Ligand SMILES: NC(=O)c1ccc[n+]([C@@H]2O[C@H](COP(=O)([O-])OP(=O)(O)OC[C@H]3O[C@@H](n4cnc5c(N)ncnc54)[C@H](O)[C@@H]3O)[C@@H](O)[C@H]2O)c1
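As structure tokens, one chain now follows by itself in the form predicted on its own.
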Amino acid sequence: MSCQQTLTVNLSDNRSYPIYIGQDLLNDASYLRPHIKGQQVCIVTNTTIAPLYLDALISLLGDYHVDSVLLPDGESYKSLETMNSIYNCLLENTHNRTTTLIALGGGVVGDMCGYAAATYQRGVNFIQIPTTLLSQVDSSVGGKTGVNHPLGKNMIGAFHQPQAVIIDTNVLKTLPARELSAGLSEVVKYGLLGDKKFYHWIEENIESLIALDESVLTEAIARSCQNKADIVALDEREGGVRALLNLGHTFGHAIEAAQGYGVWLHGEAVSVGMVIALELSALMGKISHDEVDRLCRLLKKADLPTSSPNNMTAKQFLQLMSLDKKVLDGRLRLILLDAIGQAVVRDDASMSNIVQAIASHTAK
């Protein structure tokens, strides 16, 4: 497989957009400039990423009016309060409706930049340049944007699609090992929820992924993005099948909220959430407990947790899960498996089984 690929997220009303995947894309203006509509650009990044890549990006934009916003790094800053620094920059520098925002960073930067783009002057263009594996395979694709509230993750937001997603795999060389593992959690998710062959491929190639083998990494990113793009094309605003992308997230978001945003990385929390979801699926007779153990072995190879924090109780999980966006008319909807590669939305799990699944995977 080629180490450079272009995918398309197919949407209606001429809103389809490309996902470029390959090496050194941040040094090639031809991927970026066609997707900038006006003469104004605002780059949103953070204090960790800016020293590494901001100057290179600005150099590609020499004849544009370029401003930049440096956000503090971390999930704990994904808030309405932090959002004002983006709005302040846009207003102080008189950016108009033809401006283009560029998200240069991980999922937090991408979500906040996208939400700013969705809401500034009721909507302007933006481009995603994700710099973590998790954001490359998940949050940069599909147009979900937003911020956290102390009572719930991503409860304030909007659907707003980017003009393009530019994924430079070279940036992963500067990614901390913990962040790489967190991204692999979302890669595993795509195999579990709808692509059994991909799940088996991940099992066979997990060591190469951890070692950042370029061809294997590009294939993993491309297959993850394609899986997500296919689902988004069918259900852009999560009225149906797109909910399957939340496998492990309802349990995972509870962990993030309970521990304080940023204490556990999103991918770490989702890792445990997937284990609990598969355990619950097994308790409901849909898959074998051997499949739960198999997932745990894979996640451990990726240096991901498989047990929730020992300071969390099932009662705390349920309290936090009741605030989740997947709750509909008082019923908790969970993404579970009928088989590996076959996820379903269910609201009929018994409370006793949910509690048992949580308790079975809580750190002792």
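Don't overthink the numbering: it's just position in the shown sequence, from 1. Being a predicted model, the structure only gives us computed values, none of them experimental.
Not pictured, yet referred to below: the form predicted in complex with the named molecule.
Practice task
Mind telling me which stretch in 276-284, 102-110, 209-217, 290-298 gets its heavy atoms within 4.5 Å of the named molecule in the predicted complex?
Solution key: Correct option: 102-110.
Handout entry: residue 134: touches the named molecule in the predicted complex, heavy atom cutoff 4.5 angstroms
Key = Residue 134 belongs to the contact set for the named molecule.
Exercise for the section: Please check if residue 56 has a heavy atom lying within 4.5 Å of any heavy atom of the named molecule in the predicted complex. Expected result: Heavy-atom contact with the named molecule at 4.5 Å: absent for residue 56.
Practice task
Answer with yes or no whether residue 52 is in contact with the named molecule in the predicted complex, where contact means some heavy atom within 4.5 Å.
Solution key: Heavy-atom contact with the named molecule at 4.5 Å: present for residue 52.
Problem - Residue contact check: residue 161 to the named molecule in the predicted complex, 4.5 Å heavy atom - result: Residue 161: no, not in contact with the named molecule in the predicted complex.
Exercise for the section: Please pick, from 316, 68, 306, 48, the one residue with any non-hydrogen atom lying within 4.5 angstroms of the named molecule in the predicted complex. Expected result: Contact residue from the list: 48.
Problem - Of 250, 125, 139, 181, the one that lies within 4.5 Å of the named molecule in the predicted complex (heavy atoms) - result: It is 139 that has a heavy atom within 4.5 Å of the partner.
Handout entry: Residues in 153-179 with any heavy atom within 4.5 Å of the named molecule in the predicted complex
Key = 153, 154, 171, 174, 175, 176, 179, in sequence order.
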